[in-house]
Each structure stands twice: as C-alpha cells, then as structure tokens.
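Listed next as structure tokens is one chain, alone, in the form predicted on its own.
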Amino acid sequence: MANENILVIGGGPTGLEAAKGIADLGYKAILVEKRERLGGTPDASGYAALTPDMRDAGEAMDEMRAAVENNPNVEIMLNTEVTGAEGETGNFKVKAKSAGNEVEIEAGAVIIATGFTHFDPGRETQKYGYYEHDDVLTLVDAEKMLKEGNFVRPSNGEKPKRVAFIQCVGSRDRQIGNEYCSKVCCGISSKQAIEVREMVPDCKVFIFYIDMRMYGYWENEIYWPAQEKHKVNYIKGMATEIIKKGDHLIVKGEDTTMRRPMEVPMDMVILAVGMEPSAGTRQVADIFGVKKNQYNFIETIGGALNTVSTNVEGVFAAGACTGPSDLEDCISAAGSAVMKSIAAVRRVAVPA
C-alpha cells in the first residue's frame, strides 16, 4: 500500500511553508532539519528585516515556525541529516542520522528545500580585502549589525560617515563560473542602505553597481524611496580593488557613466554577495540521484511551466535550492511542490 506521508528536507521558509501546506490539506508532513532549530538562513544569519516590506525577520520566522510546531500533521526532526535514499513514488525509504542514531523515514514523496549559501568573497580573490580589513563586510555581516541596532565600524566602534555597497560580488562573474544574477542583492543592498540612513542619519551611503536589477514592485518599494526619501547615492561603476589608507578604505575602480577612474574614501564597505548552492543541496541531490545544473543548483525539468519537478519521479525541489530566489519565489514554489507531491502520492494510492 502506498505511503501518503510527504518528506520535506530543510526547515527554512520554503520547507516551513511546504510542511504547513501539506498539513493544511490533511496529509502528514515529516520535516527534517539539520540545525537545532527551524528558520533556515533568515534565522541562522540573523536577518533584521525582510525585503521588500521591511517586516521584522524574527517575527516572520516565529510565525512560520508556530504554524508547524505542535501541529498534529507535522512531525519535526531537528539535528537530523539525510544520508541515503531508495524507493519510488509511494514507497521511499530515506535513511537519516539523528544525534548519532540511524533512522529510516518512510514517505510517498519528497520535497527538497535545502536552500543556498552566501558567496564567500575571500574564496577566489582578495581584491576586496574581506579577510584583510575589519571594515569590509558582507550583506550578511551588515544585516546582523542592523538587527542589533548598532551599526558601527568594527575597527573602532565609531559610527561611519561614509559607507559604500559594492554589487555583484560572486554573481555575474565568468571568471569564477557564476555567470548568473543572484536576483535579490540589489534589493537587499537598497533595503540596508535605507536602514543605515535611518540608523545613522549623518552617514552618506553610496551603492556602486553594474546594473540595478529591481524587478516587479521593488522599483517603487525600495529603489526610488532609497534615492528620493533617504538620499542614497547610486553610482554606475566597477569597483576593482579596496585598499587601506590611514584610517579609511579606498575604493578603486571606474565610474562607467563618466568613463573615468575613481578612488573614493570610505569608512565601511559592504559587499553584496550572491547566492550559491548549499552543501546540503549538493549532498541531497546526489543522494536522490537528482540532476544538478552547471552551477550545482538542482535542475527542474519543466521550464517555466513546472518549476519544482525533478528528473526523479516523486522527488520535488523548491526555493533557492533550484537557483537564486527571493522569499516570494520560495513561498510560491513551496505551494506548487505541495500540490504536485500530494497529486503524485494520490495517483499511486488511488490508481485510475
């Protein structure tokens, strides 16, 4: 007899939404998360506010957790990592390690929601000085400071007077093999720029960009308010090097609008790092025999009309494990994966 339980791997926003959707439809979700708590990257990286609506990220994750915790249709397995799998739609047997113990999970379908990791700006090149200069941060580092309400220079604890964001660090870069746009970085930089201006009103904020990619409503929700209301300075240019000079950082590069070299002093530089597939995404894809694309994200097979089905029947993938995604993408994909996973187990359980 077919098993109608749905296994969800990953307890971030996508996995939480998927588990809630499965439970709401009267099916049982088994939610596996390798960390000690649910919430995924927004929780682990200490996000301050969501883009674009500026909602408190902690409150949002608490709400999503509350929808699955103590839910009779959701079994939560924390500190658990998938180690093996076999079977087919209606009869998957998945091995997992929990607190050192091997367990077997039986499910009719699987939703992979293992998310992404942030690009390490010091991995390939040190032209930005991330591991050399205390005042060079990433969006992730800055987000934690904004969450704490204490945006200061790490080097001396003083409030900055000039802050620069540098876009496309680890994205749109053929030299390192990440030719893709990470989709959310422009919006997040603009959101953080607004927060910096609100927290440190005397600070001048600059965003150096190749192209500003604000899709949908983000244009009016973030981009124009950042410029017109919060006086953030957008400069079309390429930053090629960051060096230390006295008490300041010097951003070297080219102002591509004016077609001239630039050297501008800053107190802090924030690198807009892109998305890469997480180690968990690569590992789980290999375990289930799911194809990955050239960038090692999980490859879905239906193009624009089916963004969650994989080459393995009964195994679906949703959210940033399939490629750069914003929160709205993740929530929408979770809903689609729920619908298709339940349809898959119902076809086996009640054959035509």
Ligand SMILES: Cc1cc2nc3c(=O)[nH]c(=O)nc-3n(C[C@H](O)[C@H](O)[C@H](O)COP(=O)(O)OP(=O)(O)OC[C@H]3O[C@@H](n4cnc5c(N)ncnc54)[C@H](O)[C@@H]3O)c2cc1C
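Just so we're clear, the structure is a prediction, and the values are computed from it rather than from any experiment. Throughout, we count residues from 1 along the sequence that is shown.
The next section is about a form of this same protein that is not shown, the form predicted together with this ligand.
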item: Heavy atom within 4.5 Å of this ligand in the predicted bound form - the one residue of E219, E106, E81, E75 that qualifies; value: E81
item: Of L139, V232, A85, M266, the one that lies within 4.5 Å of this ligand in the predicted bound form (heavy atoms); value: L139
item: Segment assignment from 47 to 55, 22 to 30, 291 to 299, 308 to 316: heavy atom within 4.5 Å of this ligand in the predicted bound form; value: 47 to 55
item: Exercise: A226 in contact with this ligand in the predicted bound form, heavy atom 4.5 Å; value: no
item: Contact test in the predicted bound form: R35 vs this ligand, heavy atoms, 4.5 Å; value: yes
item: Proximity of L327 to this ligand in the predicted bound form, heavy atoms at 4.5 Å; value: yes
item: Non-hydrogen atom contact G280 with this ligand in the predicted bound form at 4.5 angstroms; value: yes
item: Stretch 164 to 185 - residues with a heavy atom within 4.5 Å of this ligand in the predicted bound form; value: V184
